[in-house]
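Shown below, as structure tokens, is a lone chain in the form predicted on its own; questions about how it binds or moves come after it.
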């Protein structure tokens, strides 16, 4: 009897141990960024919140993250614009990861901080563990623009940017927002591991070219791999900074371009999202969705209502476009193909032109 109880206890302990190990946090992505004031930020995406502890030597900061490192992640980073930081080394230690920040100067406890960011399901941000390291004094030529962290209230469609929808596409001011960037890589491909931010940017630049050929004036929230507000921004600050580009340029339309993801790797297709802050948003989304479906035999996930921050807080008509799924192997292959990127970009530009043609006469 005692032997039977002992065996049952061992099985229960093994089961509980396996369950705990399975539930332990894992680091799935690591991104780096350097702000204009030369502050280094390390952002680690984790499957669940991970505890962090830190210690510092004269020229080294060591942060122990209670999460296992994905073996595919590059373990060395050498920053270009952080003159006081030599390099960052990631050292896997079983179920933990040691982040070593090697400095060129003596480091004090007031010159770094660590914190966690909760999962944001609305704006598709995962759980993140963040390390900030002060690099040095700000550049004298840099004067950061102060931006409010408060959410902007809705404004009537007749006010705000003073947008126009009549008269065709020629002369229309359009702001394109390549989703993610900098310390926020977005989702990633299953085969190539390519980040979403590195797909949305080239497609957006191609959309810009096609729109300009049609006579539009195009503004970009980013043209390189950077955070729009800065690597030290909150989610609201970063998203508002993207909206502000459209507002500051009195744009007639705002489009945010993204790539989708799903835990079900068989899911794929196009979807376009709108928020009805003007009577035209759903029309913009539908025109773009219709043209995207002409790019090939791909699923139509439809035009959908959503509370995405950039849709809701921009005052001009617009949409957020999810250009297929990086978690779908077939679509990942298409998205990394320059020829197909051109097809998507041209479809989006044609959709915008179609919207304005529908309102050419007022």
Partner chain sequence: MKKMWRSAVAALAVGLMTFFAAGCSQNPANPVKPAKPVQQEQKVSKVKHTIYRATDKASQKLTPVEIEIDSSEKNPCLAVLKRLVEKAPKDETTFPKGLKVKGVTVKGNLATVDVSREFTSRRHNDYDNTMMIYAIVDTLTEFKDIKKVTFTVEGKKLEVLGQMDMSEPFTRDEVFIKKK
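Numbering follows the first chain given and starts at 1. Everything numeric in this text was worked out from a predicted model, so none of it was measured.
There is another form of this protein, the form predicted in complex with its partner chain, and it is not shown here; the text below is about that form.
Undergrad: Mind telling me which stretch in 255 to 263, 217 to 225, 88 to 96, 74 to 82 gets its heavy atoms within 4.5 Å of its partner chain in the predicted bound form?
TA: The contacting stretch here is 255 to 263.
Undergrad: Decide yes or no: are 267, 273 and 308 jointly within 4.5 Å of its partner chain in the predicted bound form, with each residue judged by its heavy atoms?
TA: The answer is yes: all three residues contact the partner (heavy atom, 4.5 Å cut-off).
Undergrad: Within 4.5 Å, heavy atoms only: does residue 132 come near its partner chain in the predicted bound form?
TA: No, residue 132 stays farther than 4.5 Å from its partner chain in the predicted bound form.
Undergrad: Check whether residue 312 has any heavy atom within 4.5 Å of a heavy atom of its partner chain in the predicted bound form, and answer yes or no.
TA: It does: once its partner chain is placed as it appears in the predicted bound form, residue 312 has a heavy atom within 4.5 Å of it.
Undergrad: Given that its partner chain is not shown alongside this chain, does residue 200 nevertheless sit within 4.5 Å of it in the predicted bound form, heavy atom to heavy atom?
TA: The answer is no: residue 200 has no heavy atom within 4.5 Å of its partner chain.
Undergrad: Hey, in the predicted bound form, is residue 304 touching its partner chain, heavy atoms inside 4.5 Å?
TA: Within the cut-off, so yes.
Undergrad: Find the only residue in 247, 235, 291, 232 having a heavy atom within 4.5 Å of its partner chain in the predicted bound form.
TA: For this set of options, the contacting one is 235.
Undergrad: Just one of 42, 335, 316, 320 has a heavy atom within 4.5 angstroms of its partner chain in the predicted bound form, so which one?
TA: Contact check passes for 320.
Undergrad: Just to make sure I understand: among 173 to 189, which residues lie within 4.5 Å of its partner chain in the predicted bound form, judging by heavy atoms?
TA: Counting only heavy atoms within 4.5 Å of its partner chain in the predicted bound form, the contacting residues of 173 to 189 are 180, 184, 186, 187.
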